[in-house]
Structure formats: C-alpha cells, structure tokens
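In the block that follows, a single chain appears as structure tokens, in the form predicted alone.
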Amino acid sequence: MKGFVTPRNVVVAALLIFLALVPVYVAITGDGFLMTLFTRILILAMAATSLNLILGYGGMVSFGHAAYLGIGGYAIGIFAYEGVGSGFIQWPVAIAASALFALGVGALSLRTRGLYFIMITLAFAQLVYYFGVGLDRYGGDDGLQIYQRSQFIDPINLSNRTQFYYWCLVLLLVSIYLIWRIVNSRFGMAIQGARSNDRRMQAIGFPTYRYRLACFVIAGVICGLAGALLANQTEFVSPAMMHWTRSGDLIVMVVLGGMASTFGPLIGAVTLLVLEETLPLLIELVATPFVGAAASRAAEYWQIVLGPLFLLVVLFARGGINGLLESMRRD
C-alpha cells in the first residue's frame, strides 16, 4: 500500500476526483465557463492520449495528428447540415473516415523515418486542411455552424451539458485504459521494441511495419472520436481544427505531461489549457501596481511567460511533469 501512495499517484487521483466533481461545483456556483473549459480539456486530453500511443510509445512524431480532429468534426458537421442528426450514423462515419485516412497516411509515411516521416504527416494534414477550406458548401474557411448535437436514444442526451461532460470523461478514461492495455500487451511491447531498434525486431521475426500501421490507425480512430466530441461541444467546425499548429498543441500536451506515461497527456492538457486561461489574468494582476492601465495590454503577451515555463520543464523535468513526480518518489 505504501508503494502505491506516490506523489504521481496522489496527483493523478486528486486530478481525477477534481474532474469528476467539476459539474457538482458548477451546479453549486453557476460558473458555466468552468464546465465549458474542462469539457474542452477532456476532449483534447483524449486526442493527446491517442497521440501519445504513436509518439510516446511508438516513436512516431506525427505533425498531422490534428487532421483526425477535423475529420471527426466534419463528419458530424456535414451530416448535421444535410439533416442527418443521428449519432448512430454520424459517429461510426467519423470513426471509419478517421481510420481510412490513418490507414492511407500510415501506409505511406511508415515506410520512412525521422524528418521524412514528420514532413509526410504534415503534408497530409495540410492537404486535408486546404480541402476543408475549399468546401464552400460547408462554410469553407469560415467554418460550419452545427445547430443540433448528435442524437441518441434516451436517456442519452448530449444537449445536456452535465451529461455530455460525463460522457467525455468516461470516453477519456476508456481511451486511457485501452491504450494502457495495448502498450502492456505483446503487441505493445513489439511497438516499443520497434521504437528502440526496428531492424532487430524485424530480424527476430516481428512484422513491425504492420504493427506500427495498426498502432497508427488505432491512434487516428481515437482522435477522430475526440473530433466528433469537439464538434458537439463547440457546435461548430472549421479547417482551423486540423491546422498544423493544433497538432503542435497536442505534441506540447504530450511532452509537457510526459511521453510514454499513462496519464501524462491528461496532466499536460490540463496544465496547458489552464495556463492559457489563467496566465493573462495573473500577469494583469501582478503588473497593475507597476504599470497601471497598461497591465491589460501586457496580459496580451502571456505567451512570453508560457514559453520559458515550457523551457524549464524540458530542461529540468525529463519525462515532463509525470517524470518530475516520479523523481520525487525516488528522492
């Protein structure tokens, strides 16, 4: 029991309890913004968790992972625009489209390594991005408004914000558990072995290309499902969902929280998105006694503070926040 109570496990347990109690706090205080923020955090944490499968465990640095967010989101938006509101149609199509795209991208990109792999995934993501820009019928660059969330049978009602929040939390935890089972299976061990030495794994009889491709498709499917959730949450889809900078945000979440760790992407997503919301307020609060009204303008440059914070994590916390917590256990 003593070995289980570690700084990392305490932080993870506290975070999960906090996430479970967010709707209770919102119901008491009426602070609807907090529900909106943490619903978004759960969804992006799910996308970051899927990226961690190929980046953290598989060593595949994909700069186009946000494309699956867009594919899943547009599957919801396009069907809703055409009058098909059933989630039993929208969601399977979102998952299938993400899987097919991941299969095509993976089949080509996984034949390369390093910088070439990064550039191919980036190129495919930008291809999908500009395809979305060209969809004039569905809003083009301006995006597409979704007037009705996906419809399921009772008692499932995604229009209920509290229920939708808990569905996002459940799907996130299921995704984390699924990836944990995968990476601790024979399949997952082969993926991690291929990350370390692909040629040696092939020499002892593992078809690493097929294993890595299957891993790539699984990650794309989970991220596509996150895209479907994001479209329902924002009730809006646009090409910006799949821009390469969004892929960069997902990578930051994984690296910040801790690559190849079960809850690292969740920790990274919470840290990044909470900092994005609170840093401008903190900067304005600290700067007001010194510069007065100019503090509000100074708060617009909060990224100047966020950047060095990330740099400190990279330099002094190998393995991200998860690695920092693990080192506290050893100390």
Partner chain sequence: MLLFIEQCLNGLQLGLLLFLVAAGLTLIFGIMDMVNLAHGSLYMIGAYFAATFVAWTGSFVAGAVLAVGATLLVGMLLEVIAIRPLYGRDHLDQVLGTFGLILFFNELVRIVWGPAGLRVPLPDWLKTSVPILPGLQYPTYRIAIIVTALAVALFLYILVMRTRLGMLIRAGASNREMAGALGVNIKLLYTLVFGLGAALAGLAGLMQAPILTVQIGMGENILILAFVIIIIGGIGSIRGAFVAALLVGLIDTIGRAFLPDLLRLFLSYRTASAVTPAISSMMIYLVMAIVLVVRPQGLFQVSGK
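Positions refer to the first chain, counted from 1. Whichever C-alpha set is largest while still superposing within 1.5 Å between the two forms counts as the rigid core. Because the structure is predicted, anything quoted here is derived from the model rather than measured.
Omitted from view is the form predicted in complex with its partner chain, to which the following refers.
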Would residue 277 count as touching its partner chain in the predicted bound form under a 4.5 Å heavy atom rule?
no
Looking in the predicted bound form, any heavy atom of residue 300 within 4.5 Å of its partner chain?
yes
Could you confirm whether residue 124 comes within 4.5 Å of its partner chain in the predicted bound form, counting heavy atoms only?
yes
Would residue 304 show up as a contact with its partner chain in the predicted bound form if we use heavy atoms at 4.5 Å?
yes
Taking 244, 251 and 259 together, does each of them reach its partner chain in the predicted bound form with some heavy atom inside 4.5 Å?
yes
Based on heavy atom distances of 4.5 Å or less, which listed stretch (109-117, 172-180, 144-152, 210-218) is in contact with its partner chain in the predicted bound form?
109-117
Residue (of 311, 24, 16, 10) lying close to its partner chain in the predicted bound form, criterion heavy atoms within 4.5 Å
311
Can you list, in sequence order, the residues from 52-68 that come within 4.5 Å of its partner chain in the predicted bound form, counting heavy atoms only?
55, 61, 63
Residue 316: Cα shift of 2 Å or greater between this form and the one not shown (core-aligned):
yes
